[in-house]
Each structure stands twice: as C-alpha cells, then as structure tokens.
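One chain is shown next in structure tokens, namely the form predicted alone.
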C-alpha cells in the first residue's frame, strides 16, 4: 500500500508498506478524508517526539472499515466511522485509573504517528475497535468528521482541564483550530466573557462566531498586561492554553486570579523548561492550578462529540478552510500547515 511518511527529522515522502495485520480485537480501515495537524509539523520538523524513520504520518481522519477481528462485536466491514487521534488500550491499568490516554505509559494512548503508523496510508490499523471507533452519523460529511478526531476533543479538553463554569471570565491563548474549539467549549459551558489571544483575521472571525467577546494581540504588548487592563486589575477566572511556547505559562499565571485554573492542551514542540513566576504564583501559595493533559480518546467521547455536531449544536465547518481532493495533495496540505498562511485554519484532503 502507498503511504505518506516521515522519513527522518525534516524529511517526508511517499513509501510502500505492507497492509497491517488485524488482531482479534482490532480493525483495518481505509481513510475517507484526512486532516493535517500542527502536531505533524512538530513531529517532522522539530523532532518533538524524537527521530522517526519511515513512520506513516497522520492522526486525524474518518474512515471505512474493511476488516475486523474475530472478537469485534459492534463494527463490520463497510461501516463509516469516526476515528479518534487517541486510541487507548482500554483494558490497561492506566485506563482503569482514569487516564486512558496514558495507557501503557506516558502519552502511549497517542499511537498514530507516534508509536505506530498513522492514517496517511491506503489502509491503517485501529487497536481495540469496539473501544475506539464510533459510527459516523449520516448527516456529518467527511470533511467535518475529520475535526472530531482531534481538534474538537482537544479544544474541549482544555476547557475541562480549566474547569470552566457558568459566568466565568476565560482567557484562551491561541486561536488556531484547537483554540477555536476551546472558545466554543467555554461558550457551551456558560462562560460570560471569553478573551481570545490571536491575530490572524480568519481566526478572529471564527472565534467571534464561536463566542469570543474580546481579543488580544500578543504583538501589541504582554498578554498579562492587556488582560489586567481589560479586567480592571482582577485577572481571569480560567485560562486555556491552546498555543504558544514554554514562555506562555508565565503570561497565563500572571493573568489568573487566585484560585483559578489553567488548562493546557498545547503541544510544546521545543524548549526544556517552563518558568512559573514566583510572586504571581502567590510565592507558591496562590491556589493557581496548572493542568496539562492529552485529550481522552475512545468511542464514548467520539459519540458524544459527534452528537453535538449532528444535532447542530456545534458547527465545525469554519475550521476547514482549505479542502483538497486526492492523495497527491497530502504533501501540499502538510506544507500549508507548516507555513500557516493568513487565510488558513485547517487543511483537509478528501480521499473518497
């Protein structure tokens, strides 16, 4: 089968591989559409998860099942399915402890294009099919379905980690596709004010649609200074970090009220340490909590988020700004995500 792979750090290309084998609890799927993620950029050009050789890229897409194992009960060949970016081993001790995304070790629920081949190939393998796949609602198109793999669940998980409540003032740092879904999630959870940090006009327009009430440009001064000016020196109740660098945490802590929470779902592709400002952290006693987490995967989450889209409660169509048709456009779409032109939010490649 043909695959688009990371050949080594800084280099990608087409390769041929054997079709993966299907275990008794697993499924083999063929992609119907795939999306490019900034994580793919971090992986290839920053070597953020280490060097990988001939590893198939991609962890976002929807698919058709072509084969299932003998123990799979709820899926069959021909089913159209949502495929989460995170596919835990649900019988693991970590899953039983409530941290399925770390089943088998730190971040080990993230298998596609990390520990095993991803979805940018003619066929791909899904472990624990009954626990990880979800039927694609018939009224969700393939392009929108790709947003349910990662962008929606990751953005929403930032809101969960920050524990956004009714009436909260929330700061969302970074309004790329994940941050836009954090804005949408905070709005759905009842935030009264959502301050979004970002500058690209296409993202600002989408953030307004999803419920952002105020905007900050990091190019116009420190984020925390602008937040304090906007809130009369009080700061915000919650912060979601969906973009930025290791330095972003300093601004987040300085922008947060005592007793507030920071939920970080940003992939830190470089840097060795995070600096926490001592005084603004209450000299260690400010009850300012930082929660950083990989989003949960699995079938239940896919079904619930899918129902938000299929019911019309969440419109993900603004995220897909560049849609291509055909395998040959995958390299172009990946380069777009690397370059991030002003009119880009997310590139998607339709394959069926």
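Positions refer to the first chain, counted from 1. Since we're looking at a predicted model, the values are computed, not measured.
The protein also exists as the form predicted together with a small molecule; that form is not presented, and the subsequent description refers to it.
- Remark: residue 254 does not count among the residues lining the small molecule in the predicted bound form, judged by a heavy atom distance of 4.5 Å or less.
- Contact check for residue 42: a non-hydrogen atom falls within 4.5 Å of the small molecule in the predicted bound form.
- Residue contact with the small molecule in the predicted bound form: residue 128 places no heavy atom within 4.5 Å of it.
- Although the partner is absent here, residue 338 lies well away from the small molecule in the predicted bound form, with no heavy atom inside 4.5 Å.
- Think of it this way: in the predicted bound form, the small molecule has a heavy atom of just one of 193, 102, 200, 189 within 4.5 Å, and the residue is 200.
- In terms of contact with the small molecule in the predicted bound form, the residue from 294, 305, 28, 55 that brings a heavy atom within 4.5 Å is 294.
- Each of 173, 242 and 248 is positioned with at least one heavy atom within 4.5 Å of the small molecule in the predicted bound form.
- Only one segment in the set 229-237, 271-279, 91-99, 148-156 has any non-hydrogen atom within 4.5 angstroms of the small molecule in the predicted bound form, and it is 148-156.
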